[in-house]
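Take a look at this one chain, the form predicted on its own, written out in C-alpha cells.
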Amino acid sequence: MISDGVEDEEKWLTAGIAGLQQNAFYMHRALDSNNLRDALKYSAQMLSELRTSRLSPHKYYELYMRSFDELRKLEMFFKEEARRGCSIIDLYELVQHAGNILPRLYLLCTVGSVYIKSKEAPAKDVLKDLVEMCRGIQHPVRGLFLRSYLSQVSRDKLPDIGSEYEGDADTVIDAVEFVLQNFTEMNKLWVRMQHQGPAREKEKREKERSELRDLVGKNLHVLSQIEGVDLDMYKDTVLPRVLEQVVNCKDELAQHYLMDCIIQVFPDEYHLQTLDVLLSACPQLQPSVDIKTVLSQLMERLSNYAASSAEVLPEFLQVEAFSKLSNAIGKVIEAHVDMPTIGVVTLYSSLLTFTLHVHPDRLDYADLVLGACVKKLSGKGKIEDSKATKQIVALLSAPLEKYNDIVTALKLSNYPRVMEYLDTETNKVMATVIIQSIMKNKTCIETEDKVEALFELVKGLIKDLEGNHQDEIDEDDFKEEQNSFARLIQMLYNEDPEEMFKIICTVRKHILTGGPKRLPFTIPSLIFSCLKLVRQLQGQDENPFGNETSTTPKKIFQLLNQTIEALSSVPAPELSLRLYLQCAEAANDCDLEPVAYEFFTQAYILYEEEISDSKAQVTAIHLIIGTLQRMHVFGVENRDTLTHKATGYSAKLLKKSDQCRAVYACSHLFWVDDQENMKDGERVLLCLKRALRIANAAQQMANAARGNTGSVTLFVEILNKYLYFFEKGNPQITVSTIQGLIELITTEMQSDTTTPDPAADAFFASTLRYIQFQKQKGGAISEKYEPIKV
C-alpha cells in the first residue's frame, strides 16, 4: 500500500511538473512578444499546479521551486514594463482578476515586490495589504509556501534603518510588524497541520511538519537581520510577541523548535538582557517539550559569550544571570514532575559550566549548583541510566577541567554527595578521571584533611563498594585502576615531617580496608612514600626537644614493619621480602642496627617459611646477598649470623647451577671495597672453592644422567670471580690458582664428554682476551697479570 502511494505521488508530481512546464513555455512566449494579458493568463495557469493537495511537503517543495524560478522571470518582466511606463498600480489591480485565489496571490506578491521597489506607494501599505490578503489561503502546506514566497520577495524591501525604503511614512516598526504578522500566521498554519487527517497518520504528519519547520523559522532569522531591531525594540516588542505565539500554540514540536530558533538567531547580549522574559516562558511550555535541551543551549550560548571577552562579565553580574537561571531551572523541574533524571542532571551540568565561565572565583555558586542537583536527585538511589550517569560524570568533570586543580574541587562540599548517586563502575570511572587530573596537573595534596576528602571521592578504587561483584571485574582493568591509585599516593606530600607522617597514617588507614587483592598494588607505594620521609629525616634518631609525639625514623620504621605484615593476608611473600630488604637498607643509612637486623630477620623468616618455588628462591637469595653486601651498620656478630644464613640458603637451592651461582655471589659478603674491616680473603677463597666443587658435582651428575658433562659456563663464571678478587688485591687469590682454573676449563672444553656450547666458548675467549688486555695495559696491573699464561 505504501509503495502504491509513493508511485501515485510520483505520477502526480510528474503530471504537475509537465503542466507547469507547458504553461511556462506559453508564458515565456507571451513575455517575448510583450503580451502582458497572455503572460498573466499562462502564469496563472502555471501557478494553478500549486493548488494540488495530493503531494507530500517534500514533493510539493519540488513543484514550488520550479514555480519560484519561473516567477523570478515574470518579476523581471514586470520591472521592464514599469521602466517602459506601464503603471504598477494598474498592474497591481490587473493581477487581482486571476480566477483562482492561490495563483492570484502569488502574482500579487510578485507585482507587490515591484510595486514597493517603484516607491509609488509606501512600503508599509503594500506589505500590510499582501500579508492580510494571504489569509485567503488556509490550507497549511499551500499557505506556508505562499507566505514563504512573500517573505522571500519582500525581505530586501523592508523599511529598515538605512534602507532605501525607509521614509516619513515607513519606519522599522512597520517592517517588524509585517514580519511578526507573517510569522504568526505561518506558525498557525504549521501547527494546524498536526490536526488534519486520521490519527493513525500522526507520525507521518510529524515527519512532514519537521521538514517544513525552516519555512517558519526563517521569519525569526529575518527579524534578527533587521538593523533597526535594537535591544529596546527586541525587549518591548519582538520577544514578547514571538513568545506569546510560542506559548499559545501549545504544540510540542513548534515550541521546541521556535525556542531553539530564538536562542540561535538573536544576539547573546539580547538574551542576557531579556533573561527574565525568556525564562518565564519555559515553565509554560508543554510538559513533553525537551526543555532541558533548550535551556542547555541557552546556557551554552551565554557561557561562550562570557568566555569571549572579560569586558562582558559585568553585564552578567548586573542582570544577576546566575540566580535567574538557577531559579528558572528549579521552576522548570517542579513544573515537569516526570522529568527523567538525565534531564535534571543535564540542566545542572549546563548551569555549572555557565557558572564556572561567568563566576570562576565564586566557588559558593558552583557548590550551590551541585547542592541543588543533590536535592533534586534525593530519594532516587543509585542512578542506573547510562546516559544520566554520563551527564553526572560531565557535571563532576567540569570543575576539574576549569580549575585544573583537585584541591579547589575538594572545597566543594556537595561534590562527594553527587558522586554518591553513581553506580559502582561509573564511580570508579570518575575516580580515575580525578586521579588523571591530579597526575596531569602535578597537583600536590598537602594536608591530612584534603587527603581524607580526596579519598572519599576515589573510594571506589580503594575498597569494594556496595553491589560490587569482584567476580565480574576484568583483571586488566583492575590492575590499571590500582596502579593509577598507587601513583596517586606519590602525589600526597608535605615538606613538614609531622604533616607528612599524618598523611601517611591516613593513607595507611584507608588502603588497609581495601582487602587482600588490592594490597600488593597499594602497600609498595605507601612503603616508598614512608622511605622518602625516612631519607628526609636521615640522621635524626631522637627528637632534640624530647617530644614523644614527634616523627622520628624509628617511629616510621615501626609503622613500616606493621604495614608489610599486612601483606601476609594476601599472601605475597616475595613482595614482602623485597619491601623488608628496602626498609633494611634505609635503616642501614640511618645507622639503626637493631631495626635493620629486625627487617633482615623478617625477610629470612619469609624465605624459610613462605617461599617454596625454586625460581622465587633463586631471585630472593640474590636480593638478600645484594642487600646484605651494601650494609655497613652491622657489628661483627650480627653480620656473621646473617652472612652464615645467606651462604647456608645458597648451598641448599634445588639446582646445582643455582647453588653454584649463589655461593660464588656470597663471596662478595666477605670483601667490601670501601670497608677495610670487611676484607676477609680466606672466606672469599672458601666460597669460590665451594662454588668450584658444586660446579664439578653438577658436571658429574650430568655425566651420570645424560652421558655428557654439559657446558663449562659455570667454570668460566667462577674464573671471572677469581679475576675480580685478584684485581682487588685479595692475597689468597694467586696466579697459580687462576692458571690452574684456566687449564681446567681448557681441558674440559677439549673433552669428548663436554657438550659444545658456542656461548660458553665465546665467554671464555672473551675472558682470555681481557687477561691479555690487562697484561698489555702497563703499570702495576700489567705486572700483576704478567705471570698468567693464556
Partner chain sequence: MDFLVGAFKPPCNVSISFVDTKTRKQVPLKKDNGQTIMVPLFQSQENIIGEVLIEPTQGKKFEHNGVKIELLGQIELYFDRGNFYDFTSLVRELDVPGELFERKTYQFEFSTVEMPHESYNGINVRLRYILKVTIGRNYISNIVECQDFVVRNFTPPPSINNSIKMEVGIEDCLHIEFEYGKSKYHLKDVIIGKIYFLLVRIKIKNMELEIRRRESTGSGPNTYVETETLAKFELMDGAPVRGESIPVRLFLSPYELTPTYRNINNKFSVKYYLNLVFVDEEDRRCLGAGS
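Just so you know, these numbers come straight off a predicted model, no measurement behind them. Residue numbers count along the first chain shown, from 1.
One more form of this protein, predicted together with its partner chain, exists but is not displayed; see below.
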**Asked** Counting only non-hydrogen atoms, which stretch in 239-247, 420-428, 138-146, 578-586 is within 4.5 Å of its partner chain in the predicted bound form?
**Response** 138-146
**Message:** So its partner chain isn't shown here. In the predicted bound form, which residue out of 206, 129, 591, 446 has a non-hydrogen atom within 4.5 Å of it?
**Reply:** 129
**Prompt:** Which pick from 196, 378, 318, 700 sits with a heavy atom within 4.5 Å of its partner chain in the predicted bound form?
**Reply:** 196
**Message:** Please tell me whether any heavy atom belonging to residue 162 falls inside 4.5 Å of a heavy atom of its partner chain, as the geometry stands in the predicted bound form.
**Reply:** no
**its partner chain contact in the predicted bound form: residue 98, any heavy atom under 4.5 Å** = yes
**Request:** Would you please decide whether residue 93 lies within 4.5 angstroms of its partner chain in the predicted bound form, comparing each non-hydrogen atom pair?
**Result:** yes
**Item:** residue 104 within 4.5 Å of its partner chain in the predicted bound form, heavy atoms
**Value:** yes
**Request:** May I ask whether 28, 38 and 84 all come within 4.5 angstroms of its partner chain in the predicted bound form, judged by heavy atoms?
**Result:** no
